[in-house]
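As C-alpha cells, one chain now follows by itself in the form predicted on its own.
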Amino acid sequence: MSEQSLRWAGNDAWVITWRNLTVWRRVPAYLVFTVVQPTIFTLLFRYVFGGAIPVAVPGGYVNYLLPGVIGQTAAFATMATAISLAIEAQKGVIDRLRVMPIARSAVLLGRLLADGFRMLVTLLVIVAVGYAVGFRFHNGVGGALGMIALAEAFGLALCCVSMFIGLALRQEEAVQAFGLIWLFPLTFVSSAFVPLASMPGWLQAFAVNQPVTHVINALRWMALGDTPLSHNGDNLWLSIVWIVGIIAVFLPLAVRAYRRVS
C-alpha cells in the first residue's frame, strides 16, 4: 500500500471516528451513563462489601478493589461497541457507508478509535472516584500509567470480540442478551472483587486460567507492586499473550462479518 493510500485510509478513519464521537458530544448523557455503572460498583463494593472481605494488600480492600473495577469497566465498555454496530447494521447505515468512496478499513477502525477514547475517559473517571474513596497507587507514576495502558489495550481487544458479535447478530436485543452471557462470568468469576482462594476448587480452575484474572492481577501488580494477591509480573506477560491472541482471532472474524453485512 502506497503512502498516499495510507494517508487516505487514515483520513477516512478519522472522519468516521469524529462521526462516532459527535454522537457522544451531542448527547452527553450517553457518556455520563457509561461511567455510572462502574462508579456504582466501586461505591457498593467499597462501602457495602469491603468490610467483610479481608485482603493482604497495602491500603486494604479499596486498593484491591479498584484494579478489579478498572478491568471490569474496560470489559463492560465494549458492549456499547457491539450494540452500536448492530443498530447500524440493522438500519442499513453500514450498507450506505460501504458504497461510499472511503477506505474499507475506515468503518471498523473509526469505531475502534472512538470507543477507545470513550473507554479511556471512563477509566480516568473511575481512577478519580477511587482516589475519592481511599485508593492510592503504591508503585509510582510508571505503574499508574502502565495500569491505564494495559486496561485500555485489554478493552480494545475485547472491542474486537464485540465488533464481531454486533455484526454477526445484527439485533440490539440479541447483542445485549449475549453480552451478559459471556461478559458476566468472565468478570465476576475472576480475581476482580474477591481473592480466588475464597472460591470452590472447581470454580478456581476456571478463574485462574481465564484472561480477565490475568489482566486484573497485572493491573493490581502495576498499581501496588508485589503483594500476595497480585502475585508477580508474570501476569503482565500472560495478559499480553491473551490480548494479542484475542485480537488475532476476532479482528479477522469482525472484518469477515463486516463484509457479509447486507
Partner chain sequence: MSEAAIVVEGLTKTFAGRGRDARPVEALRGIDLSVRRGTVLGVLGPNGAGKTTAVRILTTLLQPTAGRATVEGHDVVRDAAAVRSVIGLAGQSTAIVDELSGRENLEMVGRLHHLGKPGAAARAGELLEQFDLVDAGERMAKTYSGGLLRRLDLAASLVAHPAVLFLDEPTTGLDPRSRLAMWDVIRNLVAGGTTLLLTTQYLDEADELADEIVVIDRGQVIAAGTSEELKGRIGGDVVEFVVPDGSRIAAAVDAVEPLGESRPTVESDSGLVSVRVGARGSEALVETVRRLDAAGISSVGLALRRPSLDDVFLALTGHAADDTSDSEGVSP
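Numbering follows the first chain given and starts at 1. Just so it is clear, the model here is predicted, and its values are computed rather than measured.
Quick note: we don't show the form predicted in complex with its partner chain, though the next part is all about it.
Student: Identify, from the list I247, L253, V15, I240, the residue with a heavy atom within 4.5 Å of its partner chain in the predicted bound form.
Tutor: Only one option qualifies, and that one is V15.
Student: Go through L145, V99, I181, A128 and name the one with a heavy atom inside 4.5 Å of its partner chain in the predicted bound form.
Tutor: By the 4.5 Å criterion, the partner-contacting residue is V99.
Student: Select, from the options 161 to 169, 90 to 98, 109 to 117, 182 to 190, the stretch whose residues sit within 4.5 angstroms of its partner chain in the predicted bound form by heavy atom distance.
Tutor: One stretch meets the cut-off, namely 90 to 98.
Student: For the stretch 128 to 142, which residues lie within 4.5 Å of its partner chain in the predicted bound form by non-hydrogen atom distance?
Tutor: Nothing in this stretch is in contact.
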